[in-house]
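Next up: a single chain in structure tokens, the form predicted alone.
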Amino acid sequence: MIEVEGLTKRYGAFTAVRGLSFTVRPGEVLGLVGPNGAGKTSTLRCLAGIIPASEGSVRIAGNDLAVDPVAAKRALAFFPDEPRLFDYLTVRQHLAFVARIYGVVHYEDLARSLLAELELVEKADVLPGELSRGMKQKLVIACGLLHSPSVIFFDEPLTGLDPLGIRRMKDSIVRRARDGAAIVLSSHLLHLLEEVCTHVLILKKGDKVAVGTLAEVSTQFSNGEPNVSLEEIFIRATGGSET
């Protein structure tokens, strides 16, 4: 579970996120939506413990991120929009390294399963420099899932993936939520969020505009119209700002 209370992030005099509170329960996928500069990336980085919050609290799987960061981070995986890998470790060696860091014993079967799921079996013994942008993204995801996190944060997870990879990534996100993970997914691809998310959080200039199930947020901004798309909801909620 993810529990956020009064999260505020400042950079000097500039407030990127202001008084944000929400909860993501096991099995839920929260779509994080907002125009450029709304505070989405700052929010994700605070939730993952990459940068400290200025105010407020974050609890990951029952662990206070500020009080017990190691326990909190052991329960989560964060996937940034830009994959970062070790130049001189092969795909297989990346997985072995991550398994050692997280203390995952007998990880080989799970590693093989992830390589198969993410179509990396034939690339297991190559270096990152030989991988495409999409393959690098898949390797980062394989490494992040190796310790079976109960909380997962995605920042633009489909970048660089081909159509088949996109479809499989959608299925992977839905399956892990079904297995009990609490997931936050930030993406400019609103149709993706509409397909996989159970809830949505809309930000604008660091403030929460709306949060709730897709049906609840749709009702708030539909003006009584049926079948209003998430894209139209976004436009109405943010005043037409670009994503």
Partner chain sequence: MIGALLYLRLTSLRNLVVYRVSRMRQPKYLVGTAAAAAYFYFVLLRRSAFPRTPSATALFSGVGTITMTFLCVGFSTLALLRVAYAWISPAEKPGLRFSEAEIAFLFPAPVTRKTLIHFRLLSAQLAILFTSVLMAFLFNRFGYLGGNRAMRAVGWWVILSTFDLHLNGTNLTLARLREKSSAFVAWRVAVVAAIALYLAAVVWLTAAFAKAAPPGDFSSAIGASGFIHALMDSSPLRWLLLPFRIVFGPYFASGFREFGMAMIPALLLLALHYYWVSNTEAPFEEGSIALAEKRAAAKAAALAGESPKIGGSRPRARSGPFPLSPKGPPEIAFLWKNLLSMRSSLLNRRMVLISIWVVFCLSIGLRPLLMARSRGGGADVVSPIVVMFCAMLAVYTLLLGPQVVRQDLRNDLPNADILKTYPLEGWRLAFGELLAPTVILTLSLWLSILVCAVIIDPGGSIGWLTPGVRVTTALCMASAAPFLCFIQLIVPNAIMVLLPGWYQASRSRAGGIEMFGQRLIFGVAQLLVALLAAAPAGCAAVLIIFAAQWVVGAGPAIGLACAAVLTILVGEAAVGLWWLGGRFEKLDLSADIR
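Residue numbers count along the first chain shown, from 1. Just so it is clear, the model here is predicted, and its values are computed rather than measured.
Quick note: we don't show the form predicted in complex with its partner chain, though the next part is all about it.
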Of S148, T159, Q93, S172, which one comes within 4.5 Å of its partner chain in the model of the complex, counting heavy atoms only? Q93
Is there any non-hydrogen atom of P80 lying within 4.5 Å of its partner chain in the model of the complex? yes
Can D125 be called a contact residue for its partner chain in the model of the complex at 4.5 Å between heavy atoms? yes
Although its partner chain is absent from this view, report whether A48 comes within 4.5 Å of it in the model of the complex, heavy atoms only. yes
Does any heavy atom of P163 come within 4.5 Å of a heavy atom of its partner chain in the model of the complex? no
Counting any heavy atom within 4.5 Å as contact, can you tell me which stretch out of 23-31, 48-56, 205-213, 172-180 lines its partner chain in the model of the complex? 48-56
All three of K136, E194 and F234 touching its partner chain in the model of the complex at 4.5 Å, heavy atom to heavy atom? no
At a 4.5 angstroms cut-off on non-hydrogen atoms, which residues of 2-30 are near its partner chain in the model of the complex? List them in order. K9, Y11
